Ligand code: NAD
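Heads up, the chain below is alone and in the form predicted on its own; it's given as structure tokens.
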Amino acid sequence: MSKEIIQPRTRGFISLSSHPDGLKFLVKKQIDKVNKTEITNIKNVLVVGSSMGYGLASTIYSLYGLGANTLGVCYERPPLKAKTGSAGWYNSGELIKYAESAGLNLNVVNGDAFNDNTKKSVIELLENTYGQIDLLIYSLASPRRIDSNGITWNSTLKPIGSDVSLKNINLQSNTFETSSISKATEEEINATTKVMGGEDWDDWVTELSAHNLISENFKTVAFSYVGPKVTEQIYRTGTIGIAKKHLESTVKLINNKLNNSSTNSRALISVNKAIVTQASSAIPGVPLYMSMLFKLMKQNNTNELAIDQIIRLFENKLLDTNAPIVDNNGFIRLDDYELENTLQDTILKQWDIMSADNFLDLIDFDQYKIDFHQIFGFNVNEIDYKQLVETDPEYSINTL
């Protein structure tokens, strides 16, 4: 056990420290937004990628909205000597404590979700403690994957077909710039799809099915993103977008398997809105776009955090039913407020005239920086960052 004064240390979009008390407060803030629902057909939930962003929000809602027995899988760094643990480590540990105090059942397995041994450990825990799963949330985001053959695949953030130049904010110097990004090779496209596509999602469903751990009314949801015209060259038509399209196409593959065993089971894609994450902050042009987007959405009173989106997923899009609300492609759309036509028209016009001289007038960069630092527990008004804080609390996390 060790107490320290922890200050933010960042290098570009990478945080080298995280604040346990700040993260604890923010986890509780999400919990306080959730009301218990009358949904009774979701009793056991598995969340793969449970410690940050939409995965964390899904874990919170599963516990406090559904009252479900919940198992989270994440891959986080515990504290080590002079280093704090990762933000997801503290999010998971504090949520376990909150759930226990509320009489709710949460277990967290800390291990590489791509790894066969992690899947085996999760399967054993489900067989011994939970039984069949009613809902699998797949919210995995990782820069690399080591597959079952021991091959390492690394994802890239690159355009396809030609090099591009994109307006951007340099998060290290907080300045406007034009980023030049070279086009991806075929190898980089394939590797990104291996990491960020739907192969591992399908592997999880296959493992659950093979061990008779899928309930009669089983649902599984993976999160995707489409995004706007202004970032499509680096996102939707780039390497990450191709991987997301692979994830989306995996729905048909999974549903074919599920239909062989249960007519009531279903795989779905939820296309969500942009939120500030460490991963999204690494994508050229995206921090600039989101700083503009959030300013306009706040003016429209339509901006949502991750927990707001997940609440809407269950309560407005009827995820718990056999007839969730989907578009013509069969996707649940939680990005509807973001992609609203008038708002996106405004963004296109402002993007065209944006320059180093006027960009701060067109965006809410201060809010973006607050959102970014809060990922790691900083910039929370209710926390005194001059006080000593325990960096290595005792958590009941199952580390592999």
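Throughout, we count residues from 1 along the sequence that is shown. Nothing here was measured: the structure is a model prediction, and the numbers come from that model.
What follows is about the form predicted together with this ligand, which we do not show.
Only one of the listed residues (Asp202, Asp112, Glu188, Glu304) places a non-hydrogen atom within 4.5 angstroms of this ligand in the predicted bound form, and that residue is Asp112. Proximity to this ligand in the predicted bound form, defined as a heavy atom within 4.5 Å, holds among Glu207, Asp147, Glu76, Asp320 only for Glu76. Across the options 98-106, 167-175, 112-120, 128-136, residues that bring heavy atoms within 4.5 Å of this ligand in the predicted bound form belong to 112-120. Among residues of the shown chain, Trp153 is not one whose heavy atoms approach this ligand to within 4.5 Å in the predicted bound form. In the predicted bound form, Ser224 approaches this ligand with a heavy atom inside 4.5 Å. Taking the partner from the other structure, this ligand in the predicted bound form has a heavy atom within 4.5 Å of a heavy atom of Ser51. With a 4.5 Å cutoff on heavy atoms, Lys273 counts as touching this ligand in the predicted bound form.
Residue Tyr235 is the only one in 227-242 with at least one heavy atom within 4.5 Å of this ligand in the predicted bound form.
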